[in-house]
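In what follows, one protein chain appears twice in different forms, each by itself as C-alpha cells: structure 1 and structure 2.
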Structure 1
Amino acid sequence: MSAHPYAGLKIVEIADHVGGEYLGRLFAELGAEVTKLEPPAGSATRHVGPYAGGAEGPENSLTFWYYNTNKKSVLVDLASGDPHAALVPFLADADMLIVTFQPGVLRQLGLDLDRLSQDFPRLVIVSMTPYGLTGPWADYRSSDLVALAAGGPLHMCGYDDHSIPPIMPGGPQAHHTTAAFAHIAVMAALIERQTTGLGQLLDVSMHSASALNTELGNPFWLYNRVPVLRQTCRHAQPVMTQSPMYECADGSYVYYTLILADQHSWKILVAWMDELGMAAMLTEPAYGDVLHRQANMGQIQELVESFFLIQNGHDAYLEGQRRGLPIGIVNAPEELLDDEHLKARGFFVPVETDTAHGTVLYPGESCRYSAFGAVERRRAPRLGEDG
C-alpha cells in the first residue's frame, strides 16, 4: 500500500457551518492535512447540540465531533487586526482554502478573496455560501431548510397526505450536496493547477447545488410540463404510486418496489406467493398481461400486503434476495450497528475520544482503494489544540 489519496495536500478551513466542515472532513479522512482556524469562542458548530453526556460546552458537541475528525484546530481571531496578515503563515504553503463567509461578512472582516488569489497564486480557494458570492441574494440569510425549499428538493419530501406540508429530510442534505459538488470542483481545479501551476477561486452556491438535486422533478417538468407529488418513503412522481413499505408478522417492515411492468420480477413474486398459498387469482393467465395487472393494482397490492404479513421481516428479506428480488429490511438507526453486512465490512470504525466516553463508533469510509492505505480516524480536535 502506498500513501493516502490526499497525502501531502495542505488545507486551511475557515468554516462556520457543517457544509464547509464536511468538505474539509472529506479531504481529512483521505489523508490531507486540514487545519481548522477557529475564533476564540470556537466554531459555531461547537455550540450545537446534542452534547456528549448532556454536558453542554464547546468540547462536547456531537455535531462538531462528527464533522471535524482528523483535523487540527488553531485559534485565529480574524475580527481583530489585519485578516490577510493573520492568514499569511497558514496560506504560505497551503494548497487549498475553504471559506464559508458570505460577501457581507467578508467585507466586514476586510477579507478579500480576490486579493488572496493574487497573493497566493497556487492556492485553490473554495467559497461555500448560501447563494454564491454575487447577485442580489448573495447576502440573504439561509439554512439547510431554506436551501432545500428555494432549490426545489423540499417540494418532493413528505407524505402521501398532502394536507401535511413538505417535511425537511433528516440530516443537512443541502449542505452535504453542496460539499459533494465542491469536492468535484476542487478535483478539477487541482488537475488544472498541475498544468498551469495556478490555483483559482471556486464560487460554490448551496442554492445552485440544491436546484441541481431535484431527482425526477426537473425531467418531468421539462419534458411533460407536469409537477411531481411527494409520496411517503418513495420518489415523487406525477401520480401517486403504491407504497413499497410492507409490514411483517413480527412488526418489522420490508421495502419492496412492486414494478408491474417488470415481467421477470412479477413471475418470481407470483411463484413465491404461490408456494405459500397466497397467490390466489394472480396465477391466472390474465395476470400475465401488464395492462390487466395495472387495471387490478388495488387487488394485487392487498394480496402482497397479506403475503408479507404472514412472514417475519428478516426471513422475507433474505428469501426475497435469494430469489433475486430487490427487497430490503427497514432498520431503525440503532439497529444499523448490528447490521450483518455493515459489520462484516467493518463499516463502523472505533474512534478514541480521550474523554470519559472512551471509544465510540463512527461511520467509516464510503470507498476503499486498492492502491492506498486506509487513514486512521482521529477524534475532532479540542479548541485551539494545535496552536
Structure 2
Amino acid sequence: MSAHPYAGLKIVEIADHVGGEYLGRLFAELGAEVTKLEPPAGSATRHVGPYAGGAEGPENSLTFWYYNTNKKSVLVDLASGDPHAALVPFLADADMLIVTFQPGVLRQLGLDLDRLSQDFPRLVIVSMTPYGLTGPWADYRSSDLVALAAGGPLHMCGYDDHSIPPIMPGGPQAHHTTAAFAHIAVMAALIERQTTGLGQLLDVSMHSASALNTELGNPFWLYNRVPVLRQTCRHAQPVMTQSPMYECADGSYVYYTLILADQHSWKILVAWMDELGMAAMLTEPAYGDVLHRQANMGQIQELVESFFLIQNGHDAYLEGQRRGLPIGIVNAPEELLDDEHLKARGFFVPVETDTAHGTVLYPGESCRYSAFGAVERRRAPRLGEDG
C-alpha cells in the first residue's frame, strides 16, 4: 500500500454552499489536508437542517456533518480588513483554494481571484459559483431548484401527467453535479502542474454543469431537433413510453424495463411467470413473435403488473437478477443499511461524532483502489476547532 494520493496536498476552503464543501470533502477523503475558513457565525451550511436529534444549532447540522468530514475549521473574518492579507498565511504553502463567492460578493469583499492567482502562481484556485464569474447572469441568484430549472434537467423530471409541474429530484444534485465536474477539472490542473509547476484559476459554473447533465436530452435536440417529454421515473423521450415501475405485495416497487423486442429477456420473464402460475397465454407460441407481443402490449403489461403484485419487492429483485434480468428494487435510504451486498462490501463506515449520538454510519468510499486503502473518516469539525 502506498500513501493516499492526496496526502501532502494542502487545501483552503472558503465555501458557503454544499457544492464547495462537497468538493473539499472529496479531497479530504483521499488524504488532503483541508482547512475550512469560516466566518464568526460559521459556514452557512451549519445553519441548515436537518439537525442531529432535532436540536437546532451550528454544531448539530447534519448537512454540515455530511459535507465536512475530515476537515479542519479555522475562524477567519474576511469581511473586516484586507481579505488578501488575511489569506496570505493560509495560501503561502497551499496547493488549492476552493472559493464560492459570486462576482458581486468578491467585489464587495475586495477579493481579486486573478490577483491571488498571480501572487500564488502554484495555487490551483477553484471558483464554484452559480453561473460562473462572467456573463449576463453572473450575479443572478440560484439554488439547487433554480439551477436544475435553468440548466434543463428539471423539465425532464416529474410525472406523465403534465398538469403537474416538473419535480425536482431529491438531494442537492445541482451542487453534486458541479462538484463532480470540478473534481475532474482540478485533477487535470494538478496533473498539468506536475509538469509545469504552475497553478491556474478554474471558473466552474453550476448553471453550465446542470446544462451538461441532461444525458439524452441535449443530443435529442442537437441531432434530432426534437424536444423530450418528461415521464414518471423513466427517461424523458420524444414520445411517451410504458412505465417500468411495478408495485409489489409489500407496497414497494421493482424497476424493470420491459423491452418486447429483446427475445432473451422475454423468455426469462415468461419462464419465471410460468413457474408462479402467472404466465397465462404468454406461453403460447404466438407470443414468441415480437410483432404479436407488440400488438398485445397492454395485455402483457397487465399480466406483468399482476405477476409483481403477488411478490415482495426485495424477493422479486433478487430472483429476477438471479435469472439474469436487469431488475432493480426502489430502495428507501433506510433499507440500504440492511442490504446484504452493501454489508458484505462494508460500504457504510462508522464515524465517531463525539456527541451524545456516539458513532454513526456514513456512506463510505464509492471508488476503491488496490494501491491504497480508505482514509479513516473523521467527524466534521466544530466551529473554529483548529484555530
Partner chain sequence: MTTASPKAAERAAITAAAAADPTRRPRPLGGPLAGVRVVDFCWMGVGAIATRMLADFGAEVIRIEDSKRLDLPRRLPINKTAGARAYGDEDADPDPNAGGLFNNFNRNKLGITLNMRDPRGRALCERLISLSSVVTENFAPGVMERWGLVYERIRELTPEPIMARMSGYGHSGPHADFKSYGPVVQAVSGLSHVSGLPGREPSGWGLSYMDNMAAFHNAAALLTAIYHRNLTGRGTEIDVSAVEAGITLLGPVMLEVTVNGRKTRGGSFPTGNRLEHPPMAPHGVYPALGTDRWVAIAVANDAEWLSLLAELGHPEWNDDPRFASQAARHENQDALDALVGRATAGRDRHDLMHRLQQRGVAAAAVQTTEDVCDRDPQLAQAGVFFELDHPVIGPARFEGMPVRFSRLRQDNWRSAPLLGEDNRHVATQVLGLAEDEYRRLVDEGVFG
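Think of the rigid core as the biggest set of C-alphas that the two forms share within 1.5 Å after superposition. If you're wondering where the values come from, they're calculated on a predicted model, not measured in any experiment. The first residue in the sequence of structure 1 is number 1, and each one after it adds one.
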Item to complete: Can you spot the form predicted on its own among structures 1 and 2?
Response: 1
Worksheet item: 2 Å or more on the CA of V88 between structures 1 and 2, with the rigid core superposed, yes or no?
Response: no
Worksheet item: Does the C-alpha of M281 move 2 Å or more between structures 1 and 2 once the rigid core is lined up?
Response: yes
Worksheet item: Fitting the rigid core first, would the Cα of D315 be found 2 Å or more away between structures 1 and 2?
Response: yes
Discussion item. A249: how large is its C-alpha shift between structures 1 and 2, with the rigid core as the superposition reference, in Å?
Written reply: 2.8
